[in-house]
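Before any questions on how it binds or moves, here is one chain, the form predicted alone, in structure tokens.
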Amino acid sequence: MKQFLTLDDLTSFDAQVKLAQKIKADPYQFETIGKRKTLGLLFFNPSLRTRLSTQKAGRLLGMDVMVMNFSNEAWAIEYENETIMEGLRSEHVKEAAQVVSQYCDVVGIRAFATLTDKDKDESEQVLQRFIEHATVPILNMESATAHPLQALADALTLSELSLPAKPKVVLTWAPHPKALPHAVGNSFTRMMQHLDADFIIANPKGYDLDPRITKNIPVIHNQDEALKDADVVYAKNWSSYEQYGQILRTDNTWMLTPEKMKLTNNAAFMHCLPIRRNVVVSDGVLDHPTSKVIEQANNRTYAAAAVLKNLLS
């Protein structure tokens, strides 16, 4: 595996989940594979779980880790070719990617969607331009359209639950005061297509995800109907895809509550975090014993370690 941009880069999804399970059972079993190797993590956007879990994952494999926040620690980068750089951008990605490649053996990049230009976001300009000029593997730590490390952690979390042979899993939209990207929803949807499950997406009208990703997955615009008899409920907000980046509604009728969870089959609750309490989901759901959000966060380390091992190999 030369890059990890989406789940499609995996040779075998099942093997990757099993490797993450193996590392979780014995975290230091591959601690020499990264000896004298350096992992560089470049953050163009904020992070808590991704930053810390990926650092820890690198160290489990024996790697040295360097972290740089481009939002306040680096020169602003220009990505377009043949530009006259007379503005605020002082560094071109051609030089930046090559220089970073000299210092690192793997480079992780986190760069969110702008939510203003659909075509530019879907081109994954930051990731693709680094790939074009870097000479080492690139690791996607969440991009404009994908968050595959989170999806792998979610798959690991699902594998640890006591579920029926073909569980009903619901990805439900939830309200949020800010316009959020589609990356987590996209990658969770892609991940579920690898599993034998009754998978349903629930969202208000106007919030359907990219149909090229959801394909033939049922999309229901009635949350209560979707939640009925669910074994797993994953809540996440995303802005409109059709009216790109816009917030079409702000009411809390789609907030997940204990009353709504009673419609389920005592479902496990999942969310990628961070989460706005009593906006996205009520305290009663988040603090309930069936909430798996903390274990999801823990599994981020082992998902990242499994990917890094393959990139190093």
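So that there is no doubt, residue numbering starts at 1 and follows the sequence shown. The model shown is predicted, which means the values in this text are computed figures rather than measured ones.
Below, we turn to the form predicted in complex with a small molecule, even though it does not appear here.
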Contact label in the model of the complex: Pro46 to the small molecule, heavy atom within 4.5 Å: yes
Closest heavy atom of Thr264 to the small molecule in the model of the complex, within 4.5 Å or not? no
Counting only non-hydrogen atoms and a 4.5 angstroms cut-off, does Met66 reach the small molecule in the model of the complex? no
Taking heavy atoms and a 4.5 Å cut-off, does Lys292 contact the small molecule in the model of the complex? no
Checking Leu41, Val280, Cys272, Leu60 against the small molecule in the model of the complex, the residue with a non-hydrogen atom inside 4.5 angstroms turns out to be Cys272
Heavy atoms within 4.5 Å of the small molecule in the model of the complex: which stretch in 282 to 290, 246 to 254, 23 to 31, 48 to 56 meets that? 48 to 56
